[in-house]
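Only one chain comes next, encoded as structure tokens, the form predicted on its own.
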């Protein structure tokens, strides 16, 4: 087999984690090559489809201005950004993962979150305050909630554009349409990768390898094998290229599997969205205003507590509940209390929507739903909901809950009685899988004995042990950037030592 390239560090992937790894390795003095299975038009992995929010620990506005460059004095004066401490970040991670997340890895992410966002800014990434997504007006002042004030300008696609522009400026080459198919190793260390380049098997020799090419969410067979029944029918929210190839390569080389392999991030997604992510519509297929309405399945029954917690802490878990419902779909129902508060994603052209002046008319238009049972469900819900006229406020869990229902709505419960009404059909859209590889805080991949495999590093979705059962919004890009930067630095240091 002929040698295609010889470099210090080869990075597999082209998304956020891979790009951060490549930039960090180059910054540390290594000769770096990136390879990706996708074409240049499909570059960026799942990051290209992401909303761009990045969770970060901060102690106040002085920290945020190190990240967000163009906050005006008026915005600072008229906004309550709050504080999101390291303890707050850790508590959210621990709580949503049912206290299973690996504490050392999580603490490492949290401790490095702010400095990593500052580093990204130095690489040309532009951040803005997430006024349109994570803030509500309270007493005339914008108030942030959920620990997510920072969003990348242009979303995930903007992040990829900025990182790749910097990579090009730094002289980092990327081979597209070049899937990695195996790891090379000798008796001492990983020595490179095998690729399929222009129809030929070619070797890339390297002193260190960083795998950052995603989970197995785009592989229907693996989804069924690890996640279970009906997961082969889930929509894929992002790239078609995250097929688990990097995980397979690492496991075959002796890496230790780690994390929650039978679980994934999945949210409510437009019922008739395409099989894979749409590069134009991207995340607008997502339907996340459910805390302000009710959700019913084909039988006309509610099946989740829509107001259990902030949407940012429930959306990645609730999506998979749809796959357990008859027909694998549900309808989100809203009245005029909620409709003005719906996200812009409900207003795109590509929606499956029903409207009715009355609930009876709405029921007749919600395809696949038992109309009679739906009306009974809404009637029971309305009797159980408090009659408060307090406005819906996303920034505060208001504690206004239903009374007497077997399945409560714990917050934001109001009668659904102000027509005209709207309903939106959703299914499950999988974002990424939680199972991955065991790593150290240096992003070194461990073997089954807990010993780092010399020359092998990983970052991004391939890291196991961060997420179990659930996922706090905005942590994926942050974890990818933190461990991507770390993997690049560690790979460069290892390359210098051999």
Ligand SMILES: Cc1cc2nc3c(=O)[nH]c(=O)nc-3n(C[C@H](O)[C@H](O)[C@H](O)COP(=O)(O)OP(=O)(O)OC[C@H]3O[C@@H](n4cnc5c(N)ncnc54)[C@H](O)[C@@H]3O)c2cc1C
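Bear in mind the structure is a predicted one, so any value in this text is a computation, not a measurement. Numbering follows the first chain given and starts at 1.
Not on display, but discussed next: the form predicted in complex with this ligand.
Though this ligand is absent from this view, in the predicted bound form it lies within 4.5 Å of a heavy atom of just one residue from 401, 249, 167, 323, which is 249. A single residue from the set 209, 330, 266, 212 has any heavy atom within 4.5 angstroms of this ligand in the predicted bound form; that residue is 212. Only one listed stretch (456-464, 435-443, 64-72, 24-32) carries heavy atoms within 4.5 Å of this ligand in the predicted bound form, and that stretch is 456-464.
Heavy atoms of residue 259 never reach within 4.5 Å of this ligand in the predicted bound form, leaving it off the interface.
Heavy atoms of residue 313 never reach within 4.5 Å of this ligand in the predicted bound form, leaving it off the interface.
Mapping the unseen interface onto this chain, residue 18 counts among the residues with a heavy atom inside 4.5 Å of this ligand in the predicted bound form. Residue 239 belongs to the set of residues with a heavy atom inside 4.5 Å of this ligand in the predicted bound form. Using a 4.5 Å cut-off on any heavy atom, the residues of 33-67 that reach this ligand in the predicted bound form are, in sequence order, 35, 36, 37, 38, 44, 45, 46, 47, 49, 50, 51, 52, 53.
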